[in-house]
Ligand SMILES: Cc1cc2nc3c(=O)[nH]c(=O)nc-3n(C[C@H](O)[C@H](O)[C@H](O)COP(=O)(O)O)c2cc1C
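Here you get one chain, nothing else, as C-alpha cells; it is the form predicted alone.
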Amino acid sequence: MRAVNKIFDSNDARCISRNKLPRLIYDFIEGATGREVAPIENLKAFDEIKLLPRALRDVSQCNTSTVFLGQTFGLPFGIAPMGMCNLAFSKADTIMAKAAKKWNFPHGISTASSTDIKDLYNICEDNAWFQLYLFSGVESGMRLVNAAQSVGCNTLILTVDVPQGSRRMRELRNGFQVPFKMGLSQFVDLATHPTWTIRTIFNGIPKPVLINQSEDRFDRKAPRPGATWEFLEKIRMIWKGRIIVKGVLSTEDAVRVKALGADAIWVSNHGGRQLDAAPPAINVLPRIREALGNEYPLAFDSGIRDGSDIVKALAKGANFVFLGRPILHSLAAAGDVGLEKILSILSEDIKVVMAQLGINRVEEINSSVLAGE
C-alpha cells in the first residue's frame, strides 16, 4: 500500500515520517527544547477544551473561507514559517507554495528557507508571507526586508521569541548541524535510509540560502541580536505592507506591540522549541484577546494537530491558525500527495466539526461554541 493511503490523520503522517526519515532529520522536525515538556503540554491543553454540539440546525451551506488582514482565504489556516523544509522532502518549499496557491492560504517563508524568496513569491504571490529572524543583526535583517519587499511580498512576519537559539537535546545528541558533519553515527543513519539520502543528494543538499552566505556553517544556536522594541518601530516605518509580530505570550507585550502599529499579533510558544517552561499558547490566547479587544487580528500556532484543534483555537480568540510539524511530516511521508492528503483531511475535519456545532461560517466560531463557557 502506498504511504499516502495510510494517512488518516496527522499522527499517521508522523509515524510514516519517522520510518522514512533518518533519525537526524526526524528529530530536527519533531524535537523541542529542554525535557520537551512544552509540546506535550500544548497537546494536553487542546485535549482539555470541549466543544458544545448543537442540534436541529441547517448546516447545508458550510463554508470554510474567511478574511484575515484584508485577504480572503479558502481555509482558516495556513502553513507556518519553518526553516530548512527541504530536509523533510526535496523541493518541499516549492510544493508548499503550490499548495498555498491551489488551496488559497498563506505560506510562511522562513529566513532559514532553502529556497529564494522570489522563486516562492512567483508561485503563490500574495499568499507568500516572509518571516524575519535577525540572525546576523539589524543590517542583515534590513537587507532581507528590502529583498522581500522588492519581490512583492506584502506581509512581513517578525519573529520575536528567539533572542537566542535554544538547546534542543535531540539535535545535540544526533550531532545535527548544517552542513552535516559526517561521523560514523550520521553515516549509518543516512545509509539505512537510502531513499531519502539518494533523493536529497540528487536534488541538492538543502542549505539556508538567505542567510550567512559568506560563511560555511549555519549556526542555529548563535545569538540573534537586534529584535528590540526600537527595531519594531523602525521596521514599521519602512515596511509598506502588513506586519505580524510572532511569538507573543505576554499580555503586556501584546498591548505594546499593538500600540506600535503592528497589524496583527501571532500568539505562539514556538511549538515548545524555545522555552520548555513556557505556558501552552492556547491557554494565554483568551487573555490576549481580552486585552486587545475583539477587532484586533490574532494569529495562532502551537499544538494544532487536527481540524477540531483549529476550531478550538478560533473559539478561544484566534482569527487565523497556522500548522508546522503536521505539514512537514505529511511531506516526509508522501511528498506532494502527502501534503494534499493532510490538507484534505484538515479541511474535512473543520467542516465536520462546524456541522456538529450547528454553524455554517468560520465567523460564527467564537466562545459560544465552547462547552461550559
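This is a predicted model, so every value here is computed, not measured. Note that residue numbering begins at 1 and tracks the sequence as displayed.
A second form of this protein, the form predicted in complex with the ligand, is not displayed here; the remarks below concern that form.
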{"item": "Candidate stretches 92 to 100, 285 to 293, 184 to 192, 270 to 278 - the one whose heavy atoms come within 4.5 Å of the ligand in the predicted bound form", "value": "270 to 278"}
{"item": "is_contact(residue 325, the ligand) in the predicted bound form, heavy atom dist at most 4.5 Å", "value": "yes"}
{"item": "Interface membership of residue 341, the ligand in the predicted bound form, 4.5 Å heavy atom rule", "value": "no"}
{"item": "Residue 82: touches the ligand in the predicted bound form, heavy atom cutoff 4.5 angstroms", "value": "yes"}
{"item": "Contact label in the predicted bound form: residue 68 to the ligand, heavy atom within 4.5 Å", "value": "no"}
{"item": "Residue (of 303, 106, 141, 206) lying close to the ligand in the predicted bound form, criterion heavy atoms within 4.5 Å", "value": "303"}
{"item": "Residues in 152 to 171 close to the ligand in the predicted bound form, defined by a heavy atom within 4.5 Å, in order", "value": "159"}
